Each structure stands twice: as structure tokens, then as C-alpha cells.
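As C-alpha cells, one chain now follows by itself in the form predicted on its own.
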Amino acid sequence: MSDAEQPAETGTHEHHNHDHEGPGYATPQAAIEEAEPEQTAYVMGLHVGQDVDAPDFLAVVDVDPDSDTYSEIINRVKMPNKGDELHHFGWNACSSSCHMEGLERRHLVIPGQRSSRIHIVDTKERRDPELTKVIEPETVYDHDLSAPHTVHCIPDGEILISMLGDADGDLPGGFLELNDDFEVQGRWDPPGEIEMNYDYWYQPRQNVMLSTEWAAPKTYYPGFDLDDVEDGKYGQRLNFWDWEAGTVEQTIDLGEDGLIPLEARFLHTPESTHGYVGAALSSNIIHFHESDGEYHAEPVIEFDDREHEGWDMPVPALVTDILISMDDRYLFGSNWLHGEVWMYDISDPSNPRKADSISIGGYFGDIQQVQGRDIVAGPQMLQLSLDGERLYWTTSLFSSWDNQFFPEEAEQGSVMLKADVDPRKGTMSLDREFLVDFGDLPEGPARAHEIRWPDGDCTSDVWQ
């Protein structure tokens, strides 16, 4: 679809009346108070692993309830090559650079997980973004890295990308740094500092970064094999770095409690050392914090496996995404296989208390259709409004894993759904009027993965 008739939406209200000159917000509370309700969402769309001969794309989704095209894909930026597997993406700048006069949160950095190609998209016209640069994989391979994943803007306008493999798709992974002109600066970490890599989050006031572990690209690309877990090919460690030095200071082996630790989240307040990691295969939420100069980690939420007649083993919940509300009050998460999106009160970070959940999609969800559309897979990537009142999610995890556990996702495509959240009461309710159908596209059905807002969000903004 075209957005030719959409009202112009520009980035002119980036920081309103802040006492700073750069991008983002001065504090997490300022983000809550000063951000306007989201009107546009950027979503990763991909065709990898489907019988569709088309490139992946950035989808522009209308999330303005007063718009005639509400809950529709109103524009797409198609990538120049096929087979990238767009996955995670991020901004060139965020609140960690709010002191940088003249810097704008304007460009999206969009890696191809399989191709190691990195795309730069200019969102000056929010509903009509433009691809302006492509970093080819050979430039990435020159630094013996591949399989880009998490993109974070870091202070002073630079960009750091976690890389999951070496140039051949084996271990070790590492980190790639781009400058503010989107040129590859080189490897950020000393080679061999870590073996496995996946997500990361940094807390600059505490001089700490946390990175998690998935596996070598050659291990997870074909799909999931339980024997690989038994052979030690999947991660179970948390790596705590000296942020300024770029070196690992402490590693915690989570053992059976922390198999495949994926998404990492510190609390938003920069004074805190508390945070959480979702251990996907163990289906645990790990709480970490610093005490007496060392970090400690222990499971604080555990989701039980469930029996299913189609499986010869109990089905794990498979916690695949988590996020923390901007006020640090709630932890949200998704159980992709079971079919559940949930929220816990983390006012006491060491003792989360369940607030609410929605059973939807997956193998066990109570709700399997919205507006007559089969959901097909479970909730996966999450994004929360800055005011904490609207939670959105998509349903694709990774193309080969989708095809293994939810093959209908390839045939019917993903959906993007929404729940209304009441932070005061600690409740969620499915908004049945909202459905973005990625199965209804001219080239054929598509998968949908990560979600971003133009004015920043709960999974990209960091404060100094």
C-alpha cells in the first residue's frame, strides 16, 4: 500500500521542552510524561523460508486509532537483496546521547541476520522512510564477524551491534561498531573475549554491560536440535563487561536454570543494577543485580512444561522476549510455544508478582483467532507504549524455527496484535479491534518480527 494520502508526520517533537539539545528524553519519567501516543510503528517483515520470491522489508504500520488506515501496513521499504532475514534493528541515536547537540533519532540500522548485510533507513518522513545506505557483508567479514543481532545507539552518536558468529558462521562472536556516518569502525571487543553472543544492554552510570548467549549461526540457522543442547552448543552464561574498557569482568554460568538466555533488560533508571534475562529453553526469568562488587543471578519466575499429544516430550513455554515498562513497575514477556503474553509487578525486583496474562496462540492458547484470522503461532516480539498503556506483539521467532514448530506461519504469515494495559490495576485485555495481517500482501504472506516507535521505546532507550 502507499501512504500518499497519509497526513505528514515528522520528527519535530523529539524532545519537547527538555533541558538538553540532543535526541530522546532527559529521564525515563520525561519519556512517560512528554511522549505523545504512538501513531506509527516500524516492523521487520521477511519472506525467508517461505515460498515467496521477494526481498524482506521494513513495514510502516498505522497505529493511530483515529486514522482511516488504523492497523494497516501503509508503506514498505523493500531491501535490495533477497534472503537477508531481517530480525532485530535499532536507532542511530537515543536518550543516552541526549547531551549531543544536533544529533537526531532519525536513522534505523537494519541488519540481515543471515546475510550480515546492514541497511540504513532515513525516517525523516516518518511514513515514507527511505533506504539510503547498504553496508555489504564483505565489509563485516573483514573483521571476522557475522550474523548481526542487537543494535543499540551508544553515547556520542556511535552504534554498537552484537554479532553472533565469526566470518564463517562459527564461534566466537563479538561486537561491531559503526560511527555516526554509518561507517564500520571495526571490532569493539578484543577477539575471543567471549565465545557465544546474542543480546546486550548497557548501564553506563554503573560502567557495566551485560551480554547473553544463543549459539553459533551454523547451529541455530538450520533449526533447533535438542542434541545440540546436550552437546553444549547452546549458551547458558551471562557475561558482565566493564563498559569503558570493553572487557568481560565476570561470567555467571546459569546451568540448567538458564539454558539459552536471550533478551537482557536492565531497569531503566540509570542508578539501578537490577535487571532480568529470559532463559528461553529453561523457561525461567533470571533476576540479576550487583552486591558487594559482584553480580548475582537467580531464577525468580518459572514456567512449567506442559504435556501435548503431538509431542513426545513436555513442551517448554519458551520465553522468547521480555521488556520492562518505562516506569520500572512491570515486566512483560512472551511464551512463544505455550501461547501466552504476561505481566509481572516488579516493584520489588527480587520478588516479582504476577499481575495478569493473556492466553493466545501457540499450542495451548485459549484464543486462537482474532477477527476470524487464525493466529497460527504464539506471541513473540513485544513492544510497549512509552506510557505503558498499550502492548503490541508479533508472532515470528526465526524462519527455520517457525517452520519447525509452527509451519503454518510460512503459509499464512504473521499477525501483529495489541492489548490494552491498565498500569494502575495491573491488568491487560486483548484489543480485538486491532489486527495487522502480514499474510495479506501482494507478493504473498510474510513473517513479522521486531517493532520500533519513531520516538523511542522501552527496548532501545538507555540513560546515562
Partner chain sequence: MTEVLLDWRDSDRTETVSVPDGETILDAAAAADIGLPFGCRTGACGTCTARLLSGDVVHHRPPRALKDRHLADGYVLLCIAEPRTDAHLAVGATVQAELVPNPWK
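Residue numbers count along the first chain shown, from 1. These numbers come from a predicted model, not from an experiment.
Although not depicted, the form predicted together with its partner chain is the subject of the following passage.
Only one of Gly388, Pro299, Pro349, Gly223 lies close to its partner chain in the predicted complex, with a heavy atom inside 4.5 Å, and it is Gly223. The partner is absent here; in the predicted complex, the one residue of Phe240, Trp201, Tyr363, Phe182 having a heavy atom within 4.5 Å of its partner chain is Tyr363.
If you check its partner chain in the predicted complex, you find no heavy atom from any of Glu38, His152 and Ser325 within 4.5 Å. Using a 4.5 Å cutoff between non-hydrogen atoms, Gln50 counts as a contact of its partner chain in the predicted complex. In the predicted complex, its partner chain lies within 4.5 Å of some heavy atom of Arg114. Residue contact check for Asp292: none of its heavy atoms lie within 4.5 Å of its partner chain in the predicted complex. Using a 4.5 angstroms limit between non-hydrogen atoms, Leu281 touches its partner chain in the predicted complex.
Shown alone, this chain has one stretch from 413 to 421, 432 to 440, 50 to 58, 64 to 72 that lies within 4.5 Å of its partner chain in the predicted complex by heavy atoms: 50 to 58.
Within 4.5 angstroms of its partner chain in the predicted complex, the stretch 277 to 312 places a non-hydrogen atom from each of Leu281, Trp311, Asp312, taken in sequence order.
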